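Below you will find one chain, with nothing else, as structure tokens; this is the form predicted on its own, and questions on how it binds or moves follow later.
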């Protein structure tokens, strides 16, 4: 058995008003909720049981995924009555784990798209003899992130706050939102308390001598915390830049990656669909419309001759001949 904790309790304030009724990890990108892509990826990597760490609108996850059998997983739900932070959420869900003390547990943030080879990352961690593994990515401008430098063997040497000056940028490596932790490490995190895994747990583990491997990956990574990132992530999934087993199996995906057009939608013959657009079930795209890099949500109508580019259309209607660019309609 390989267990995983998937943290999906955040409120997604940067994505309001989309998240006023829908939890951020349940927003649809590439034709499916973010959480669905993550569950499919976890199963592909050999995970057999996932514990969802829920808080905000927790009932939505139960209604959507049930016991996980649709994904070939055993799925359980851990609920936080009050938000406990990333570390507190891991500890809360950790109480439900069945793994042995030294068994690995994969922990995923619920708002990240990644191309990392999860199974290979697990092998690298096992071969290193570390107790904790951190998925790291390199970014062009690390000023907005906490920094995670590593030594020549790949082990983490420090956890640094966001740099304020150029001299403080000692690495371009940042925490990318996936962890491998032995069960006994998770058991050490205080339960029922607000704890940050980034600011509290990892620095204390490092100071106490716990070996932490930095698993640096050069592949795809995107934080879906803003509307622009949500739209871009959806298009990247359709174009195959971000991997998902759900897209590999979907017959409605166009071979050239230009669009995912669900059969339950209606698209007029003389339309242009491109840029990794998604037309969800129940959506309508009228004659002469041009849809580029856009998510056309369930029941949404794009009027005749309208042009929409890089938009997230969650509800409603785009008028005939309208022009929309980089807009969220909800």
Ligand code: GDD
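In this text, the rigid core denotes the largest set of C-alpha atoms whose superposition between the two forms falls within 1.5 Å. Since the model is a prediction, treat every value here as computed from it, not as a measurement. Numbering follows the first chain given and starts at 1.
The same protein also has a form predicted together with the ligand, omitted here; what follows describes it.
Heavy atoms within 4.5 Å of the ligand in the predicted complex belong, among the stretches 85-93, 251-259, 69-77, 182-190, to residues of 85-93.
At a distance threshold of 4.5 angstroms between non-hydrogen atoms, residue 103 is out of contact with the ligand in the predicted complex.
At the 4.5 Å threshold, heavy atoms of residue 168 stay clear of the ligand in the predicted complex, well away from it. Mapping the unseen interface onto this chain, residue 211 falls outside it, with no heavy atom inside 4.5 Å of the ligand in the predicted complex.
At least one heavy atom of residue 162 is located within 4.5 Å of the ligand in the predicted complex.
The single contact residue among 112, 247, 132, 121, judged by any heavy atom lying within 4.5 Å of the ligand in the predicted complex, is 112. Checking 98, 172, 223, 117 for any heavy atom within 4.5 Å of the ligand in the predicted complex turns up a single hit: 223. For the marked spot (4, 42 and 217), a heavy atom within 4.5 Å of the ligand in the predicted complex is absent from each of the three residues. Taking a 4.5 Å heavy atom cutoff to the ligand in the predicted complex, the contacting residues in 1-20 are 7, 8, 9, 10, 14. Relative to the superposed rigid core, residue 143 undergoes a CA displacement of at least 2 Å between this form and the one not shown.
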